[in-house]
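Shown here is one chain on its own, the form predicted alone, set out as structure tokens.
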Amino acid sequence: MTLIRHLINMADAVFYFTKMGSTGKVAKYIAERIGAEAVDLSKEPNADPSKYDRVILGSGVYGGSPSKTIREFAEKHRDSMPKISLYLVCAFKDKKAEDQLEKISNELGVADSIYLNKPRKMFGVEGSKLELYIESLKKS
């Protein structure tokens, strides 16, 4: 968390749903790196995003869509969520993943989004897509 964000007491949270574990590991990694809270929606389905200044949503992609949990959470809280960012953990990369990301981002009403293919291999790797995403979160 940047010093300015810390001084004015801004809080971030990563709300996620994971089936196989990758999305959860990424959520915890991002949260740790930016000083945010990681919230597992399978354990806290009634979590309130309105108390955060920024919400980061994390989901795997299943049949071309985010998890039902994330989709329903985003729809339920669309008007009460502050600045929203989205990361997707998906099997595809390149054009197919970009197309999925655009479709899902539009459905959820999220402008700031990224897809990650094999994200655990990016942990701590300078210049990796994940690390660049984290740096962009720290700056905003």
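Heads up: residue numbers just count along the shown sequence, starting at 1. Model, not experiment: these values are computed from the prediction.
Separately, the form predicted in complex with a small molecule exists; it is not shown, and the next lines address it.
- Message: Please determine whether Ala74 contacts the small molecule in the model of the complex, using a 4.5 Å cut-off between heavy atoms.
- Response: Result no; Ala74 lies far from the small molecule in the model of the complex.
- Going by a heavy atom distance of 4.5 Å, is Leu41 a contact of the small molecule in the model of the complex? Leu41 lies outside the contact set for the small molecule.
- Item | the small molecule contact at Ser22 in the model of the complex, heavy atom, 4.5 Å | Residue-level check for Ser22: yes, a contact with the small molecule.
- Message: Test of understanding: in the model of the complex, would Gln100 fall inside 4.5 Å of the small molecule by heavy atoms?
- Response: Gln100: yes, in contact with the small molecule in the model of the complex.
- Among the candidate residues Gly64, Gly109, Pro45, Gly35, which is the single one with a non-hydrogen atom no more than 4.5 Å from the small molecule in the model of the complex? After the contact test, the surviving option is Gly64.
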